[in-house]
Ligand code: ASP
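This document opens with one chain alone, in structure tokens, the form predicted alone.
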């Protein structure tokens, strides 16, 4: 018996309205029911039926940890519903990769959670949202789909790799070195590599208690020519709990910034080092002063560090 696909709306350009030319639109104006009504073919892609819910209605540049909590809670509840086979999340493009990583870290590799979006608003002359939504439902209903995925312009990306790589074009997302997980073509999924089977999320235990777990303040700083580290000292004075530094090259840091990070670490602030290079993975040298970001981009490393700090705060003996 075919299972239902849940579609959770959060706003974004896919729900935006404005002039037919696509410029000057306002994001997050249409509800998920209005989006679904534009795509009659969804009934064929989800023969078990659809469950529709509006979780949020925001331009994704304004995504917050409160909304992440709400979205993760709804996904957890739906993943526990035996009548639901998969979940689709309509999202804005700006922070889609961050939400994908939050959900990956909290939900694991069980039922598929597929994020999709649009680069053009719903009222554009040729909107891309309807096809992306149809592809997302097709992917979420596929028997081999697992874990958190994203599909945009027919390309399927994994949560770790997906990144917004272009500010305007329809195929704005990339998986860089790893390449796509697959493609949705003419209503069928073609896998480049089948997602892994069921696995435990890195922070699965934390997911169930997010409502009473405050998110620690973690900020990102950039190493660049002339960096003096003053912003790090300012962050520490302001109570930051963690800092992710987007380093040059293979984790190199301006000397003044490195000194400021040493002061921050001595003050009890957790420090992680990622690279600002969009391709490749930095290789941390032996004896490195700070932990590297495990190949994550700075924005995803920030999320992982926030969750790590929350886990540590709830460990036995923690203050």
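Residue numbers count along the first chain shown, from 1. Everything numeric here is computed off the predicted structure, so don't read it as measured data.
As for the form predicted together with the ligand, it is not shown, yet the points below apply to it.
- Note on contacts: among 89, 118, 150, 245, the single residue with a heavy atom within 4.5 Å of the ligand in the model of the complex is 118.
- Out of the listed residues 123, 93, 175, 131, 93 is the one that sits within 4.5 Å of the ligand in the model of the complex by at least one heavy atom.
- With a 4.5 Å cutoff on heavy atoms, residue 61 counts as touching the ligand in the model of the complex.
- Although the partner is absent here, residue 13 is a contact residue: one of its heavy atoms lies within 4.5 angstroms of the ligand in the model of the complex.
- Residues placing heavy atoms within 4.5 Å of the ligand in the model of the complex fall in a single listed stretch, namely 52-60, out of 52-60, 38-46, 254-262, 288-296.
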